[in-house]
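Encoded as structure tokens, the following chain is the form predicted on its own, with no partner shown.
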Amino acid sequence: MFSNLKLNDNEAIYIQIKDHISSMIDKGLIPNNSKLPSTRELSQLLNVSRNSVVLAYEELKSEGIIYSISGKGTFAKSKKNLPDSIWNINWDCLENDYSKTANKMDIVKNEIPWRKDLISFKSISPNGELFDIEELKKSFLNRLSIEGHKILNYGYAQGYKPLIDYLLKYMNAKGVDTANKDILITNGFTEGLDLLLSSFIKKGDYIICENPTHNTAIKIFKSLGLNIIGIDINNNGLDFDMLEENLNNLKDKKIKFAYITPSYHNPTGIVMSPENRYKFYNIMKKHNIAIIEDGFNEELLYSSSHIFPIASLDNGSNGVIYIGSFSKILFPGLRIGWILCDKQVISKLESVKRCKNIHVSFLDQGILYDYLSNGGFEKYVKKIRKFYGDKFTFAYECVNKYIPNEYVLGDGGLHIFIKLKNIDSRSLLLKCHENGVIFMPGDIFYVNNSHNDTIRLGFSRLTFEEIESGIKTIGNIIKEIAK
């Protein structure tokens, strides 16, 4: 703040110092209540007598421009509260289409918010009370002890190598051939999908997805200017006739990707059969359309043996990109996901990742790796399968008992999807809110915001009593509306 003060011999030094500080405060270059150098520091900085600085400070104090606090120092006291003129940029005019779409589709801003006094079926996040906090503490201390300061410094864009190696073995155990494949660690599923699409699509490209599908995926598709081809899901699963018809009608269009969630699909909760996974893979292979597989909640298979992901059908090939995350079952606050695909693709994505945010927190990755590798995850998964399995069975029974419906979808997971009988879900939501219950209206999961006669009920954080009470309330209000 004193770099441009040039002292001259024509005027007393203390006056020059006083005028300089006064001018700086008046212009707002020394903010109100900001600390000034001590008289000794300033005299040494300007190479002048300390008495000159003391005199300057005394003059400034007498004029009310600065003040001192015993034992703390000297501070600026600006009388100028507002600038001479207000600077007002019209940010609405500068906002681009990406931001407009993101804001328009932001369900946190635009849907009814959670409150403690509500029975909320909105969330499909894991129940944090099931987390093994003591084991996580051990993993934190253990990893910090092993890595020391290294894990607190910058890391690598691709990710923490021990975690990458663990996940490669983890995917191999799912039946995926990881030869010529690699992994990039991401900030959850959302960044993984955004990184991938940002790297390989152009505005106006086409993408296939289930309809309904993950609301965040739709938001990313629309924000990036993609043309979305929605393939209906009904009580019989994915409509393959509709898929084939769209592919035949769009032969001259460049369809870049097909996005699919084969296990515990969000929002319907259905699990695609092995036969339909094989069928879908071969259709995409025939039309040379790369598949983005969302490995959503695969670990929560309650009632049968493991169903291998679509990526396991791609052994020796490079047509499937798998995006995985533990966020819906384990420590979502760590925000760790991964992309598994062809090594050349990972190399490209690594550079894009480095361009955007350098890397995912190495400390978080290290803690998660330690927890996973020490056997805590296997014990946790066994526990939550029963916990959420029992909740799903109970919620499913309550829905069929209390809610009049056309059909109910869900094979497990953390939510149930309901097709109502000529009931507008938005009107239903408003009435339910008045009675202390909220849920996710189904229209937000459709590519064209249609099907306003559907709802999604998430039950992961609710007690059995809340589940039954809430579902009973929804059913009673539906019956009142239908009268």
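The term rigid core refers to the maximal set of C-alpha atoms that superpose within 1.5 Å between the two forms. Residue indices: 1-based, along the sequence shown. Note that this is a predicted model, so its numbers are computed, not measured.
Just so it is clear, the following notes concern the form predicted in complex with another copy of the chain, a form of the same protein that is not shown.
With another copy of the chain left out of view, the stretch that reaches within 4.5 Å of it through heavy atoms in the model of the complex is, among 140-148, 226-234, 160-168, 391-399, 140-148. Another copy of the chain is not drawn, but in the model of the complex it has no heavy atom within 4.5 Å of Pro113. Another copy of the chain in the model of the complex is not approached by Ser78, whose heavy atoms all lie more than 4.5 angstroms from it. In the model of the complex, no heavy atom of Ile69 sits within 4.5 Å of another copy of the chain.
Contact between Gly204 and another copy of the chain in the model of the complex is not found at the 4.5 Å heavy atom cutoff. Of the residues given (Phe362, Tyr259, Tyr322, Tyr369), Phe362 alone sits with a heavy atom within 4.5 Å of another copy of the chain in the model of the complex.
Of the residues Asn405, Ser125, Thr178, Asn246, just one reaches another copy of the chain in the model of the complex with a heavy atom at 4.5 Å or closer; this is Ser125.
Scanning 249-278 for heavy atoms within 4.5 Å of another copy of the chain in the model of the complex gives Lys254, Lys256, Phe257, Pro274, Glu275, Tyr278 in sequence order. For Gly28, a C-alpha deviation of 2 angstroms or more is recorded between the shown form and the other one after rigid-core alignment. Once the rigid core is overlaid between the shown form and the other one, Lys251 does not reach a Cα shift of 2 Å, moving by less than that. After superposition on the rigid core, the Cα atom of Lys72 is displaced by 2 Å or more between the shown form and the other one.
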